[in-house]
Ligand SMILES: CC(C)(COP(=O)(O)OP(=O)(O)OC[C@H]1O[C@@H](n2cnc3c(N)ncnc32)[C@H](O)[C@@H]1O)[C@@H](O)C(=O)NCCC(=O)NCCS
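As C-alpha cells, one chain now follows by itself in the form predicted on its own.
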Amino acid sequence: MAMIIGLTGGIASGKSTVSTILKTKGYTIIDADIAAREVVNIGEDAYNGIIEAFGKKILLEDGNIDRKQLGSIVFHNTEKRLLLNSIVHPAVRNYMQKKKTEAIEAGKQTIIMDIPLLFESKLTYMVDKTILVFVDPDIQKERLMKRNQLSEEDAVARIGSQMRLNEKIQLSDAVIDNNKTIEETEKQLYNIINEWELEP
C-alpha cells in the first residue's frame, strides 16, 4: 500500500527546496503548481472556464493566459480569487488523482503530493500524512520580495491570501523549520523519512 504524503508550506517558505531534495532521492512528486499550469493550457476545460469568467482581456497575444495579470486581479480581490479557485481547483485535483493512480500502478511506495494550499483548500483527505515547511514571517516576506521582485505591499498581499504558517503548524503531522541552512533542512527531512520509513 503506497503512502501518500502531503507536502505544504507558504509562498516562499522553501517548500520547493524540500520537494527538489525528495525528487533527487527518487521519490515521486506530484506538484499542484505544475498541475495548475497544465490544466489551464489552451483548449483545456479550465482554460475555457477562466476566459468565460474573466474575459479575453487576460490573454496574451499567443492565446495563453497572462498569469501575471490574472494574479494581480485575484490577489487583491477575494471574490475573484474564489471564482478562479472554483474553476481551477477541481481540474487540479483530477489531474493529481490521475497521476497518483499512475504512480501506484507503477509500484511506487511513497508519493509526495506537493500542495501549497493543502489546508486552505481542505485537501488533506487526499493524503495520509502531512509535512509543513515553516519559515518566520519576516524571512518569508524578504524571500518573496527578492525572488519575485515584488514591492513590500504586493508581498504582504500574497502572503495574506494564504493561511498563516503558524496556524498550519497545528494541522501538520511533521514540521521542517526552514529558517536556517539547507543542511539543517535536509537533516530534518531525513529524520522524518526514517521515522515514517518512507521508501521511494
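All values reported here derive from a predicted model rather than from experimental measurement. The first residue of the shown sequence is 1; numbering continues from there.
Here the subject shifts to the form predicted together with the named molecule, a form of this protein not shown in this document.
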State yes only if every one of I11, A36 and R158 has a non-hydrogen atom within 4.5 Å of the named molecule in the predicted bound form; otherwise state no. yes
Of these, L171, A53, L59, L70, which has a heavy atom no more than 4.5 Å from the named molecule in the predicted bound form? L70
Report whether the minimum heavy atom distance between Q97 and the named molecule in the predicted bound form is within 4.5 Å. no
Indicate whether the named molecule has at least one heavy atom within 4.5 Å of a heavy atom of T124 in the predicted bound form. no
Any chance I104 has a heavy atom within 4.5 Å of the named molecule in the predicted bound form? no
Is A91 part of the interface with the named molecule in the predicted bound form - any heavy atom within 4.5 Å? no
Along 101 to 124, which positions have a non-hydrogen atom within 4.5 Å of the named molecule in the predicted bound form? P116, L117
